[in-house]
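Heads up, what comes next is one protein chain in two forms, each shown on its own as structure tokens, labelled structure 1 and structure 2.
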Structure 1
Amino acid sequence: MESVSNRVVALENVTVRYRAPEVRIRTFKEYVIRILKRDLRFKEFTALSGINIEVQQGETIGIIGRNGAGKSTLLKVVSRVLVPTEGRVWIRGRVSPLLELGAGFHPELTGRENVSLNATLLGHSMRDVQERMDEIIDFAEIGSFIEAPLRTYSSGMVARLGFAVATAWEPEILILDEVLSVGDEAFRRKCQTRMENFRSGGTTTFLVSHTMETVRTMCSRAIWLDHGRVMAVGEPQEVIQAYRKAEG
């Protein structure tokens, strides 16, 4: 049995429910009109249901499942971006989330300015940011574009810069949502090498990926989610096989 003292994340009976309008509302004006007419009906959607997970320090957890299974919602709960409707979330350590391309970036700021902004939002001092700036730019392979507005970047460039900032400092808990699927093979290998080094140093990682080979080779355990419920937890290859069998 794993030692509780090494536990860094625990989710106990975590449930997340959303309320969404039954019909699509395209403008704020339409929203107000429907409220005044009392013609606004909501339906409840359960994104996560009764999740119980314990994660030990240094584990790399792969999260798999179909679109809409609750994978990104689970990462947001662990990242403290989202408060669950029910249940308890216990986190020990500083979380470095990279939940989506360009999260925390501003399109009108330059790459360099966005590095400073994003890194300070992650809790790093401006002095630390300046000391690591050249390393971040070099890792991201942005080149002279670092002085250009982010709106001129490709999605791959944004992803590389986001990953470089989030991992410039060795995190205690790293959250990655599909970011390793962007970029060429050489850059993905470089990201994987950095993550393996983090794991050796005790970093705990949550990784959402639709690429089963990435989960199989990089993760110590895998979690299969379906309609907000945990279907299987365990050795990656076994969980992947169960998922593929169910998907047909």
Structure 2
Amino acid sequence: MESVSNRVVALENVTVRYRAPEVRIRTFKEYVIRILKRDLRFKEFTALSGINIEVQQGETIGIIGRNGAGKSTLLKVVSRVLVPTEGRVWIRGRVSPLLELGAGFHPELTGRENVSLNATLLGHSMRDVQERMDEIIDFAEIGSFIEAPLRTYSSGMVARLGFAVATAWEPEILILDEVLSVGDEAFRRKCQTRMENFRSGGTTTFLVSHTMETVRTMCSRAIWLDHGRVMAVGEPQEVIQAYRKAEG
């Protein structure tokens, strides 16, 4: 175990509990009526329960488990989207989520305008964006199309541009929901090289994947979640084996 000073993420007893009305209440009127009739029952759903994890800088953590096991919720907690119902999340460094590339793109804006919008959504300043603009356009292989509205792009071009923006800055903590398969073989290799560089440069990565092979080859540690609980943590090979055995 490395020293505590290299710690970048610490989850202490993190619990996420959704509380939803048993019947979906769509209107304000219905809500008021139900309150008056005292007919408002709630159903609780625990997405994560008492999670304790410490992650050191440079680790690549693979998260595995069935659908609905809490994998995405865990990523949301780490990326600050979800504040846990109980427990504590401690993070040192900026978190860059690489989920669903191009979310927030606007079809009527040009590629260039979309780069600015997307990069600022990820928390970068316009000064940073201007500095990296040419590099982003280059990497995405968009060429002169960059001045055309996004609606004229092929889906491959959109994904490439999304990836180029999201990875233009070396992240401190990277969040990956399923490994990306962007564009053609050549571009995929380029993406992979960039990811490798991040990892050797000290980026800490959280990765959710259903492909055990990816977790085995890419991750330094694996976490198996089931029903919001940690079933096993450790050497990817061992965790995957335990998971497979339980799944039958």
Partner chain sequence: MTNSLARSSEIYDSSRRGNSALEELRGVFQYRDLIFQLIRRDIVARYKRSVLGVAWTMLQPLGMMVVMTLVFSRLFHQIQGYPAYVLSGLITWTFFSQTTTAAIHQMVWGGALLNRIYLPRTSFSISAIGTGLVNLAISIIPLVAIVLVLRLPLTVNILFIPIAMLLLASFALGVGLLLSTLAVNFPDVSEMYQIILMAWMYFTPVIYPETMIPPEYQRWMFTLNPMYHLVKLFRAPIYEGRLPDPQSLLMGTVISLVTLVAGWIVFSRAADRFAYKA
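Just so we're on the same page, residue numbers count up from 1 along structure 1's sequence. So that the term is clear: the rigid core is the largest set of C-alpha atoms that superpose within 1.5 Å between two forms. Computed from a predicted model, the values in this text were never measured in an experiment.
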property	result
Selected structure - criterion: the form predicted in complex with the partner chain	2
CA of residue 93, rigid core aligned, shift of 2 Å or more between the two structures	no
Residue 76 C-alpha shift between the two structures of 2 Å or more, rigid core reference	no
Displaced residue check between the two structures: residue 172, CA, 2 Å or over, core reference	no
Rigid core fit between the two structures: Cα deviation of residue 155 in angstrom	6.7
